[in-house]
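Here's a solo chain for you in structure tokens, the form predicted alone.
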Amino acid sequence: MESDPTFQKLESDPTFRWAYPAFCAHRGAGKLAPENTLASLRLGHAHGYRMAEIDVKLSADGVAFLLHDATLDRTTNAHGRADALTWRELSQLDAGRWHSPTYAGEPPPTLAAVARFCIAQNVALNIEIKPTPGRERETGAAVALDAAALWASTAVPPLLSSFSPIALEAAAFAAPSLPRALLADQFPDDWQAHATRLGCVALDLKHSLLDRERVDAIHAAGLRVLAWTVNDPARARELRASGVDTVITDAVDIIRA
């Protein structure tokens, strides 16, 4: 896949355009529907959100699917490691009943199914590469290759993010044209060198780490800023006023996109 000049490194391309919306629905519609399901994505879209964040990992047989945790226990009717089952087995699980009876029977979706929905509805995507421990490199490469193929003909590719430098390195090698963001819940002293080494276009940071001075410093380094997870409307306004490019929220019903 040829590199898209829109998504070259910011410091080497002063014409870089951040093509992502100011607000992003966390795991679909956050807490209003079962996270990381098509039902959640549809509800976020119904509330006016045109960007969603999802978590993606691999099944035992290498299929990219949506799930946040390393185990199935919290959000499905199964137990144990998320990568212990094949996709055929995972597709039979109930990933909705834990949330509420309304969503009983909602299955976990594949990344391919999510791509079809997002492309049809013009929803941008932040794909967090969320490897099951021990499969960081494999997951980073596989998710990036899938994303590059699924979004090959679209104007705005998905943004790949991860807490795992190994996963981001693998993603960069597998699909260098896709934009990447480094996720962090603490602000590293060597953040600029770290982001540059991984070829990132953005930092995706816990919102409590951010103020105007820090946002300005990140922008001055040629990087964009995402903030997670912001559920207070006043804090969302404050972050946007400080220059944060995209605010990620569960509160799609009270923070207007």
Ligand code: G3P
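Numbers follow the displayed sequence, beginning with 1. Remember, predicted model here, so these are calculated numbers, not experimental data.
There is another form of this protein, the form predicted in complex with this ligand, and it is not shown here; the text below is about that form.
Contact between Leu183 and this ligand in the model of the complex is found at the 4.5 Å heavy atom cutoff. Taking the partner from the other structure, this ligand in the model of the complex has a heavy atom within 4.5 Å of a heavy atom of Ile248.
Residue contact with this ligand in the model of the complex: Trp98 places no heavy atom within 4.5 Å of it. Under a 4.5 angstroms non-hydrogen atom cutoff, this ligand in the model of the complex lacks Trp191 among its neighbouring residues. Just one listed stretch, out of 192-200, 39-47, 214-222, 26-34, contacts this ligand in the model of the complex at the 4.5 Å heavy atom level, and that stretch is 26-34. Between this ligand and the residues Phe163, Phe173, Trp87, Phe117, the one pair within 4.5 Å by heavy atoms in the model of the complex involves Phe163. Annotation for 39-53: the only interface residue with this ligand in the model of the complex is Glu53 [heavy atom within 4.5 Å].
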